[in-house]
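What follows are structure tokens for two forms of the same protein chain, given separately as structure 1 and structure 2.
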Structure 1
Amino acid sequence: MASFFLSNEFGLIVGICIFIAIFSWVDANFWSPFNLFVISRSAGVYALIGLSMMAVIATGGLSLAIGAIGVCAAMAFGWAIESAGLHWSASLAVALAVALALGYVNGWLVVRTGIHSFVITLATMSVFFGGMLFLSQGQSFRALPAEITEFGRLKVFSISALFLTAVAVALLLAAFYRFAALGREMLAAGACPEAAELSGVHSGRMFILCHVLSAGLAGIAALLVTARFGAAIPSMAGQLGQDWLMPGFLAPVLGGTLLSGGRVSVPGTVLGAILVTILANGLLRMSIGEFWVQAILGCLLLAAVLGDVMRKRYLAASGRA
């Protein structure tokens, strides 16, 4: 129990509660159903992006290409529906297959060449995104079936279906890392590839699978974004998919995922995404000089992590006495 109070997850919950308290005190509208819906919708997408990055950070590497892979999956989805005329369920499969394949390419290159995943994914980010642009000529797919767009607007007690999807995926993923032999082996390989290899784990194969898993999660995130926009658009993750990088890193790192690999926290990542979304949303709702919002966001982030460190020090000190 004591270890729970020392954990990152607990710290994030405290942080979320504090910021919610502040924001709802400042602004009564904070709890409006629409705001809840909006926050949960963004948080759901950010959580999945974070989980996608987390899955590669588990190897001690990183992937700059998650945004590009996501966009490729979304565009493949749009193409399958509009140009190939497939049913949306088949199109989902096509989109995920594209994502998984691209993840495999990343993983294979990283393992086979032994070059750091940073450089590999820097290059493949360009290649994937460039290929997508060339094929799509920058045009969007808008004629999506009503099921998809309605899903994007669906809410359960003001909570967006996107968020619920993200939570469901997170639960599965948490169980995967906790209970599946494969998940355990991925973490072992990530923490110390050589030791894992000598214990009978195919470290190389695990690294590839981590990239594949990450790509699959990126694909799901992109499909959620597609549902939210009601369209598959090439710019949904920004130039080269780079807009996903910051939320991608922020959520798992706040959540306690080790950048050196081998340890992940699925609930921490989801909580990290929620914290960041609430911070951004709450700040935008206060009337701060528009150009200063970002500076204050930076300060609050710093305050949040510093507060967390002090909490841990305090608890550790009082725990011993």
Structure 2
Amino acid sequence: MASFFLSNEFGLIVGICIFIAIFSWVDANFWSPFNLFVISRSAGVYALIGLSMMAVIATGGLSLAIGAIGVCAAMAFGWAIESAGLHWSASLAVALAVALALGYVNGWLVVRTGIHSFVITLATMSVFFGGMLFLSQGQSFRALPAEITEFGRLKVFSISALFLTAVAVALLLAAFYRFAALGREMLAAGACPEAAELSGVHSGRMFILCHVLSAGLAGIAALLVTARFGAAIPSMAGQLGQDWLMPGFLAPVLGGTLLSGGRVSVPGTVLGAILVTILANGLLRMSIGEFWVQAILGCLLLAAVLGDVMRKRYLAASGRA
């Protein structure tokens, strides 16, 4: 119990409660059913974006291409429905297959070249996004079935179905890392590839699978955004998918995922996404400009990274690294 009160998760819960109290005091409508729906809808997407980045950080790497991969998956979904005439369920399979394939390309390039994933995914981010624009001619797919848009508007007691979907995915991912042999091997490879190899774990294969898992989660996030907008839009994640990078980094780092790899926190990542969403929503409702919101989130990311560095130094000094 004492360890929980010292954990990132407990700190995030306290932070969430503090910000809710502050924003509710400043704005009486902050906790209204409508704003709760808005917050939960955004938090669901941010949570999956954070989990997508977390899956790669587990290897000690980074993926700057999660936004581009997500947009490619969403556009593939729209194309499969509107141009290929497939049922929406088959189109979901097409979209996820595209995401997984792009994730495999990232992982394969990282392992085969030995170049850091930051550089590889910086390049593939532009390649994937540019290829998507070339194939789609930059056109959106808006003729989606009613089931998709209705799901984007669905809520349970003011909680968006998008957030409930993200929670379900997070529970499965937490069980995967906790109980599945493959999940534990991924973390072992991220913690120390050399030791993992001596234990019979193929680190290169695990790194590729981590990128594939990350891409699959990014694809799911993009499909949730598609349901929210009611359309597959090339700009849904910003230019080159860069709008996903800030929440992608913030959520797992705040949640306690080690940047050096080998340790993840699925609950912490979800809580980090909720904290980021509440902070951004509250500041915007206070009529604070978007620029200042991004600046505050950037400071929060810097503080989280510095906290990660200090934690590693403390663990090393205490012999628990």
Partner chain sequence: DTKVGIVPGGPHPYFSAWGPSGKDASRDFKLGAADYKVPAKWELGEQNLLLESMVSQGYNAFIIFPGDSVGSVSTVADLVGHGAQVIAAGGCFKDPSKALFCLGTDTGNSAYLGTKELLKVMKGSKRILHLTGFMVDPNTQLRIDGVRKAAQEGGGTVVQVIADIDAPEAAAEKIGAFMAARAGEIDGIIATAWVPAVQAANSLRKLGDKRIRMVAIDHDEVVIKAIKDGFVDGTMLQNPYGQAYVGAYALDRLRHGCTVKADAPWKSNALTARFIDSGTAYVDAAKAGNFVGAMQEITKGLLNSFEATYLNCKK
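Bear in mind the structure is a predicted one, so any value in this text is a computation, not a measurement. Start at 1 and count along the sequence of structure 1; that gives the residue numbers used here. The term rigid core refers to the maximal set of C-alpha atoms that superpose within 1.5 Å between the two forms.
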### Query
Pick one: which structure is the form predicted on its own?
2
### Message
After core superposition, I'd like to know whether Ile16 moves between the two structures (criterion: C-alpha shift of 2 angstroms or more).
### Response
no
### Message
For Val38, does the CA position differ by 2 Å or more between the two structures when the superposition is done on the rigid core?
### Response
no
### Message
After core superposition, I'd like to know whether Leu258 moves between the two structures (criterion: C-alpha shift of 2 angstroms or more).
### Response
no
### Summary
Taking the rigid core as reference, the Cα of Gly298 travels between the two structures a distance in Å of 5.9
